[in-house]
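Starting off, we have a lone chain in the form predicted alone, written out as structure tokens.
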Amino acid sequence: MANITGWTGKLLRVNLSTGDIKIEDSMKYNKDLIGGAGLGYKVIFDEVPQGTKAFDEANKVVIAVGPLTGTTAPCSGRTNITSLAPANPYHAVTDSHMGGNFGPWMKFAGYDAIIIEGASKSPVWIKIEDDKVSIEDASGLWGKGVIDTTNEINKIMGKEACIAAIGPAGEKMKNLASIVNTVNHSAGGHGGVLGSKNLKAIGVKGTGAVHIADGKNRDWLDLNKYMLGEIIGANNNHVVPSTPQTWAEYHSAGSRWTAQTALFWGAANPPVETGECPPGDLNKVGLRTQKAIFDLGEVAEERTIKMGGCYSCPIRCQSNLHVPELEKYGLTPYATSTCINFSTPGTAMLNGYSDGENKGEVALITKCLGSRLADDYGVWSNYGQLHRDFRYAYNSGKLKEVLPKEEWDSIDWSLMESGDPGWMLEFYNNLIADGEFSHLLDGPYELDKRWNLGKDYWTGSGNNVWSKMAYPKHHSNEAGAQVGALINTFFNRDCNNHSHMNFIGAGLPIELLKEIAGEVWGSPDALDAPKNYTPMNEYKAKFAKWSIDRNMLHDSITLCNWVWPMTVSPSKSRNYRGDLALEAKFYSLATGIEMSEEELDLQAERITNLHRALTVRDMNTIDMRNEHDTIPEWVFDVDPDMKPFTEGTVKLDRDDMQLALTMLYKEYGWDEKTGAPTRETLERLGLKDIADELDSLNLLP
């Protein structure tokens, strides 16, 4: 085998039906599809037959990372998981993503990917120690939460092992279940697939290293220093502080760059002051994001032990808190969270909190308790939709209608009505029980089929359901008008795409952002001012395509799309311009394969087309425009007294969005009537085998 750097060149295949364990060449996928999601899509396309359902034995789970994982590239600790999705009406392919350490640990053990296939007859877990791989009995772990499972396997493998596990939600094959590593880094939507295979956990530790190209060590260090010193901002790549500061030309109250003078990690010993963290001070990048107070308010400051994060990430957006009140509920006095896990549990408090404060002490305790339970039980919130589904069902009277009287009477509703944190225990315990209440974990599509939620459930603007594909909006029409809407139509779950939002929400003045938009996508008209939208144009289509492709690139290479791409920077000396060639620079130094920004973007476009081809095959139709790329009525009906394209509303126009879809299809070279990939486009991208397969299924336009 030639000298391979960046990648390990190997993948691990574990068949739980036969017990076979094989090591195979991963470069047949990595060469043209980078790794991560690209590798996962090709395995699913080639090896999982059309018509397979998520919980079928024939479905496979591909845990994969790219050439930057395990290097010291900033924000490269993400792990991509590809499989069929049980919550999707067509069980179409989706990715789930988790931070933490699992992906780097997998690389250190020697693998770019793990393919899980088949199903065990009894509960098992997989033990990986470099080239020693075994399938272990998990009967003693079945029924335990993620935390106890992690602790038990760490006793066997040592505390240096990283454990990815499912909780009771996954064991019971709930559609909304997570895979969780390092106790609280969760990947939503595929926990039930592991449950269907009787796979409780995977433990991994390795003694190897990820090498970069020969002779590039100094260049690698220089590139890291350049990025950390001049380019990177805070969480979501917000590049201005949230408060006025002496060094900063701009500030924005909504920025996640919360560091400031007299703000502390108050529960650290001794307390650590974040202070001001101007660009150029590499040692203070990790202090910029004090996300605990962003999520929970000022009451979180004195409880913050530290801000942690994923492997090789300088942003540190994981809040670690001391909350002794949790001991009352049988838990340890600590809470950790990234992303929205501190936010969503509170939305199940339909009457608010007992002290009347949304960011008070009771709210903090409630959210920390809910977050701990969600992680331990392996419950996925479906980007917050789970709790909105509960709210809709309760407020509409549907929940009382569908729950058997005995079950309804067994639930202590007084806890919710009085705003007591104990409602979290009642809520999550009933979710993982076997009653009717637990069907909230079916997800929107199956829940509506079972409970007949009605048209308002799908069309109501406050409920946020985006698609009949059973997922909610995720930075949609309120984020870049047609650009955000187009991105939300593309995926088979919530889009989990921040390429556009990191730019739009960076905190810089709109005039400056429009200048940069003109440089990147050809015209300042690619970006509208918030709530002051204009009709669709070709530059918005380019912006949307670029955002989707960069998301695909990050899920494949692998980088955190919650921070990347670096469209802007905090550096006034750069006139706030970022560096969009950074991914290609890191890729070239890691792999030794010289790759330009344009060439890497083309690889990403190939992966996007593979995802689209898989969706066409999974849905068995080429009519993506009418069957997949649908837009909810509330996008067009919000603010009934206002017309689209008037200042003050995010309302869009139906005909204009059909034009937007046509323009996006044109950018990709897809059939403009149906939105399906053409043979010409697939062959241009080196996907002739995909075109031939679709042709044999009569699924080419």
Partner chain sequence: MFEKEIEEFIEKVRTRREFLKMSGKGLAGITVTASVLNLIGCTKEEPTSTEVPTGAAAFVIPKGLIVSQPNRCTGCQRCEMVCTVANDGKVHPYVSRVKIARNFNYGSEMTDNYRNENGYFGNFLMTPETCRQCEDAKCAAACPADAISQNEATGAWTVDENKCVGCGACVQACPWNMPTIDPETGKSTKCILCGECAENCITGSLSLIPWEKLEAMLRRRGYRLS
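Positions refer to the first chain, counted from 1. A quick note: this is a predicted structure, and the numbers were derived from the prediction, not measured.
Another form exists, predicted together with the partner chain; not displayed. Remarks below refer to it.
With the partner left out here, the partner chain still marks one of 607-615, 542-550, 318-326, 560-568 in the predicted complex; by a 4.5 Å heavy atom cut-off that stretch is 318-326. The partner chain is not drawn, but in the predicted complex it has no heavy atom within 4.5 Å of Ile593. Taking the partner from elsewhere, Lys159 is found to have a heavy atom lying within 4.5 Å of the partner chain in the predicted complex. Within 4.5 Å of some heavy atom of the partner chain in the predicted complex lies at least one heavy atom of Asn283. Although the partner is absent here, Cys313 lies within 4.5 Å of the partner chain in the predicted complex, judged by heavy atoms. The partner is absent here, but in the predicted complex a heavy atom of Thr71, alone among Ser83, Thr71, Ser381, Asn497, sits within 4.5 Å of the partner chain. Scanning Asp623, Glu273, Glu597, Asp420 against the partner chain in the predicted complex with a 4.5 Å heavy atom cut-off leaves one residue, Glu273. In the predicted complex, Ile212, Asn217, Arg218, Trp220, Leu221, Asn224, Lys225, Leu228 are the residues of 212-244 with at least one heavy atom within 4.5 Å of the partner chain, listed from first to last.
Between the C-alpha atoms of Ser255 and Cys339, a gap widened by no less than 3 Å is obtained in the predicted complex, as opposed to the form on display. In the predicted complex, the separation between the C-alpha atoms of Thr338 and Ser255 grows by 3 Å or more relative to the displayed form.
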